[in-house]
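Let's start with one chain on its own, the form predicted alone, as structure tokens.
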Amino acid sequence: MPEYVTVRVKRQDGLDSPSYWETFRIAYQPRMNVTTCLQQIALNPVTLEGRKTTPVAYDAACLEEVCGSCTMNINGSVRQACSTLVEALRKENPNEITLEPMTKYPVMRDLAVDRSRMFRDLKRIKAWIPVDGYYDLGPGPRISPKLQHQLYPYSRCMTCGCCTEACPQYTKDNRFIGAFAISLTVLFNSHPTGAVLKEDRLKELMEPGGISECGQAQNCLRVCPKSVPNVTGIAQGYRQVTAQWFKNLFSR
């Protein structure tokens, strides 16, 4: 007999619409992931009760845990739909898989949310290296292999939002910048060229909503799908902010 998977989805028709639940049953396939489940539902959007409905809306792009767009709450934990295997979820709950949108961002529809706040925060910290043109600038400053090894883990951040979803300090009603932005600040500030904007970035971390609002819950470290060392990044961010504060104090 064929095996089936029961998928319970929290749905929402629009930005200000009330949420509701729908349950689907789909055929189980070995090595299938949550994105595969949503694709199967889209092929035949009929609920467990036999009622015809609309396909579930969700974000997806790379399907290989690189873009970070398919973040959602799966069985109560924030994860990537593309890399979360159904086999593992059945061990957690053999009866059904529960899918919900992230709670820290406006729900546009179903599982798709608006993460514009994250990208505005990247602008706040100037998460780029400035150039004065696109002509050949010659070789850049040398970076030691040791520094490269230290900084590379921060570059794996894909702005997926897992750290912000799990953070108790990051809410809809505040301006806390989040662990991802603090770690990226450390990444750019530690780069010989990126350090040109170091003071601007640290000034932003010293403002309301900056690094001082981190409560050290360390959830960001536990849920990051790319193992970005956010706790270490926050500690380094504190050191950089403290050094900048003393520099500002004695340069008056």
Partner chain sequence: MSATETPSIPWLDRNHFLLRRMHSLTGIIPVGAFLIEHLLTNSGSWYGAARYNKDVKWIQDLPFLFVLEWGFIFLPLAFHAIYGFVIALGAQMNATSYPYLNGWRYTLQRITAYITLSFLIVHLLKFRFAWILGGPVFAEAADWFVLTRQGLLHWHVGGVYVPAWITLSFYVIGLTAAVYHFANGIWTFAISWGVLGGPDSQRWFQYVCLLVGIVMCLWGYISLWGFVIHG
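Numbering follows the first chain given and starts at 1. Everything numeric here is computed off the predicted structure, so don't read it as measured data.
The protein also exists as the form predicted in complex with its partner chain; that form is not presented, and the subsequent description refers to it.
- When contacts are judged by a 4.5 Å heavy atom cut-off, Gln218 counts as touching its partner chain in the predicted complex.
- Mapping the unseen interface onto this chain, Cys167 counts among the residues with a heavy atom inside 4.5 Å of its partner chain in the predicted complex.
- Under a 4.5 angstroms non-hydrogen atom cutoff, its partner chain in the predicted complex has Lys104 among its neighbouring residues.
- Under a 4.5 angstroms non-hydrogen atom cutoff, its partner chain in the predicted complex has Gly209 among its neighbouring residues.
- Contact with its partner chain in the predicted complex, judged by any heavy atom within 4.5 Å, is made by just one of Ser83, Gln150, Ser77, Thr98: Ser77.
- The single contact residue among Arg109, Arg175, Arg117, Arg156, judged by any heavy atom lying within 4.5 Å of its partner chain in the predicted complex, is Arg175.
- Only one segment in the set 201-209, 27-35, 51-59, 183-191 has residues whose heavy atoms sit within 4.5 Å of its partner chain in the predicted complex; it is 201-209.
- If you take 235-252 and check each residue for a heavy atom within 4.5 Å of its partner chain in the predicted complex, you get Ala235, Gln236, Tyr238, Arg239, Val241, Thr242, Trp245, Phe246, in sequence order.
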